[in-house]
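Next up: just one chain, as structure tokens, the form predicted alone.
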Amino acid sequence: MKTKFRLIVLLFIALGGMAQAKKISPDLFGIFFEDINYAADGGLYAEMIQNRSFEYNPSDHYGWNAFTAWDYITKGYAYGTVSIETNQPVHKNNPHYVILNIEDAGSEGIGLRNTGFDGIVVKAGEHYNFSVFLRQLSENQIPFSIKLFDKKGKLLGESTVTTNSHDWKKYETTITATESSDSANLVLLATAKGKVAIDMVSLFPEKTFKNRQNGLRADLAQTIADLHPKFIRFPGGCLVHGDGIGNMYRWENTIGPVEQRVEQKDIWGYHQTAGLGYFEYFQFCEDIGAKPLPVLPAGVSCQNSGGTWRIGGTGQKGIPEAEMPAYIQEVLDLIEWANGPVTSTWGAKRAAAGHPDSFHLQYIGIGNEDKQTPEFRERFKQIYEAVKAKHPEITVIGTVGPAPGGEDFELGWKFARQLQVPIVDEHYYMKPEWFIANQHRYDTYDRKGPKVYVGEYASHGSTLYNALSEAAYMTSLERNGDVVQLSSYAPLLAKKGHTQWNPDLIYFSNTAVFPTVNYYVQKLFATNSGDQYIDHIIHPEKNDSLFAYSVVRETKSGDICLKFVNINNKPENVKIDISKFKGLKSTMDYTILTGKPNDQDRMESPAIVIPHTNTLKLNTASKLLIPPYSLVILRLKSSLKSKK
């Protein structure tokens, strides 16, 4: 009791009284990951071989087939045949594989070449982990030469493996690159006469993020980690409920050995290997200190299934009622997999994957932008009530459509209130002027009803003006952090040359990462967030929707963060009264993000608009001039540390 009393006293002293402090969500700013714009395969997932298991098909993308991204090659007068077969696969979930019949190996061999995702990037002196599943079909052993070449045919590194089994077996080796290249290809050559089956050809950089097996691209993952998100929502988005019932994202299909995971069409027009699956998502959350927020289908497919890409599409289909009990169990199984003890059925599966401890799952989303039909409501209600009954410790997040208003929005909110859903997920992609004009959207929301997760939002553009409009809106999310529990910009990632949606927060190529100015706004808010909102500290000379501000306190450190957003073309004078704050250090951090309104950093190197931080002397009562088109953050550091 004495320790608790001391903490309360310290907080009281630091604030000069608690009357003006309002508790807000400590999880307010997070991120949303969806496999759109090649965000996973060819992006965050570090696998360098495209179509590694020969599962591409025309339903993924027009013109694709099981041999897409591969070439059949012969060297040194070698000859033979190649075919795709399915009768004896490595696993039933991964049915396609290659049969290579080497009639004459010649002087160099016969085999396959993969060009990767727009080329394979290797760096001199670094190591790359190669693996392949092989099944020897002839009596004699078959040696393989694995080589990396640049686009001119120069050898960049090589290694070998030799078959020694008539059953499927995984062979592994390491290749060290002798030179750097951003457009290499991998060649797998059989160098003796015989017949062999080939599947799951894989190449990973040894240096993945946190050096994880089956891991993530290090520079891209670090750029995401630098956002310091409080949570990560995954794997979607529209990807969750899929293009028809058969294309729903089923979490159970994405765990376990990668050769046993179910690959399928990506709703955004390409392919998902599920190499980046639920285990990797949860592990990434843990690695960067973010809470996991998985989203599962609400028992219905996307209303836009079948190509009806419009609000109010007619493609929504529901899982048959007879199958709903099994589907509900699948949802409950996820919670057990994430949090259950190692003695439980699904907790044991998590432990077998290398994580005996709980992932501490707190949030789970059910549905995404679903049309408010009887089919959706019946199935959502069944899932929600089952989770609530068995796992009251889990906070379920519902959905209220793809827009900030309209029929689905109104019906979704009415339904959420009837069921007393704890949080609902609002989405909106709007012009920057909408964000400027709607800074009071949540001021009048019912504090006793469901809370809000702004799960997907962005203004239409990647200029400084767009980013500042979002920053102004984010100050209103802080001010209303008692009703808005979570928020995340969307989409997160986009690969150069492979975008289905713009704008995006982070653009990238095979060799570089290009954060937008919107990214820096998100980063500055997340790294200067708090769990208390404090009013009556900032006093602008005039009230103007183009000038926004907020003050938050992080109780753990005691630091106070003041944010100012000026979207005007003139500087703004403000008065600041921080005399009531006691125990502040004599200096503060002053961070500014500013430029011309049309400046944008997308695919620019070096970046045009980046934040700059300086240390300034602290005055307890002062005036401050906020430059035009700027975000300014003052971080006042406390010498009073909260003690446990």
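Throughout, we count residues from 1 along the sequence that is shown. In this text, all values refer to a predicted model and were calculated from it rather than measured experimentally.
There is another form of this protein, the form predicted in complex with a small molecule, and it is not shown here; the text below is about that form.
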Whether Thr74, Lys147 and Leu188 all lie within 4.5 angstroms of the small molecule in the predicted complex by heavy atom: no
The single option of Gly365, Gly242, Gly481, Pro491 touching the small molecule in the predicted complex, heavy atom within 4.5 Å: Pro491
The single option of Tyr45, Phe32, Tyr38, Phe29 touching the small molecule in the predicted complex, heavy atom within 4.5 Å: Phe32
Stretch in contact, per heavy atom within 4.5 angstroms of the small molecule in the predicted complex, of 231-239, 433-441, 373-381, 566-574: 231-239
4.5 Å heavy atom contact, Trp501 and the small molecule in the predicted complex: yes
Asp199, heavy atom within 4.5 angstroms of the small molecule in the predicted complex: no
Exercise: Tyr429 in contact with the small molecule in the predicted complex, heavy atom 4.5 Å: yes
The small molecule contact in the predicted complex: Glu470, any heavy atom under 4.5 Å: no
